[in-house]
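In the form predicted on its own, a lone chain appears below as structure tokens.
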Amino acid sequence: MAINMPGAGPDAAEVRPDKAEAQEPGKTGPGGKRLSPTKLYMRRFARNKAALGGLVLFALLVFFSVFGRYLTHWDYMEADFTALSVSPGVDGHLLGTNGAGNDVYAQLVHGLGRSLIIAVTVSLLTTAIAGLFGTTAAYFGGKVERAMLGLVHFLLILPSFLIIALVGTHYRGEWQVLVVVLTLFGWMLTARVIWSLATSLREREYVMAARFMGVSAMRTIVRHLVPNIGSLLIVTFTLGVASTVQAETALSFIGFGVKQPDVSLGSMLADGQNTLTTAPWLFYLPAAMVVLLTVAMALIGDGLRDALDPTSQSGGRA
């Protein structure tokens, strides 16, 4: 995944002098008022209409996953044996039922919530691990750096898909186990990118000054290195949610992810693939949710990248 480095690296130094004053946080805006970095980034993000649309769409999906259950009296595990594979709107089932009599609307609400929990948790953990691992390797350098990079390269060549599939099958699709294995095999590539960027930060004056003043390594990493790649970590987290949703959906679709009685969007797709001609709503409804969720996160990530990148002109001159 190609990721620009907002706010650091060689691109940041190539900002033209005549535009630097308008883009730099803390400088005056068009109205003559001084802008804090947060307000500047929010203003640049708000000018991206596509990103705003993605944010609204994501908020609606979260709202639906949290409060959608109150629009039906059916539970996602409850079966209605008098209404098997009924069409949407029949016998009190808003979106119909599947072959076992489960209410599709209730399962869709629960499945979306389960996929969101897995995606946000995995993306948050992998981003945190990658950020600390990459900056730590860059800070120490030498043998420590070579050993840590060797571990990253070793994990990258492992057949992680087979390991995840075996572990998922052994633990019968428990979503907590899926979070653990997706986290264990999902942080290495991002850590490699962060390390390459952090190697330029370790030579900065403030890092050298912290070394000479006897500041501990962990304090220097957490207080000086990680904050300077914070914008990259935010964008990585956002895009990681979309990629994790796709990974979880793929694993559940082929039977190695979430399994019954629990439900996710991927497991609903797997259940609906055999009834495309007789009950197409069982496949297309969860498929639409997956598409909406990934598109929303992609638009938000693209907007954040433009808003946090001082060299980007797509957000206008804030």
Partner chain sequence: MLRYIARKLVGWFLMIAIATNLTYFLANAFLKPASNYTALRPPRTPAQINHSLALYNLNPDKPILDRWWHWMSQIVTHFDWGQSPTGGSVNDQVAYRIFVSGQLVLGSTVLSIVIGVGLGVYTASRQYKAADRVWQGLSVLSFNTPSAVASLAVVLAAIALNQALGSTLLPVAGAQSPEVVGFWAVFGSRATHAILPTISLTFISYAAYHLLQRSLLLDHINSDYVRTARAKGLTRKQAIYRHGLRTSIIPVATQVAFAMPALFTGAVITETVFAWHGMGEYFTKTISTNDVHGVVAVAAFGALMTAIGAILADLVIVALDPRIRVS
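Keep in mind it's a predicted model, so treat the numbers as computed, not measured. Numbering follows the first chain given and starts at 1.
Beyond what is shown, the protein has a form predicted in complex with the partner chain; the following relates to that form.
- Interface membership of residue 171, defined by any non-hydrogen atom within 4.5 Å of the partner chain in the predicted bound form, is confirmed.
- Among residues of the shown chain, residue 284 is one whose heavy atoms approach the partner chain to within 4.5 Å in the predicted bound form.
- Contact annotation: residue 207 falls outside 4.5 Å of the partner chain in the predicted bound form, judged by heavy atom distances.
- When contacts are judged by a 4.5 Å heavy atom cut-off, residue 253 counts as touching the partner chain in the predicted bound form.
- Not one of 115, 196 and 233 is positioned with any heavy atom within 4.5 Å of the partner chain in the predicted bound form.
- The partner is absent here; in the predicted bound form, the one residue of 218, 147, 166, 71 having a heavy atom within 4.5 Å of the partner chain is 166.
- Contact with the partner chain in the predicted bound form, defined as a heavy atom within 4.5 Å, holds for exactly one of 92, 141, 159, 227, namely 159.
- Residues from 272-299 that approach the partner chain in the predicted bound form with a non-hydrogen atom closer than or equal to 4.5 Å are 273, 276, 277, 283, 284, 287, 290, 291, 294, 295, 298, 299, in the order they occur in the chain.
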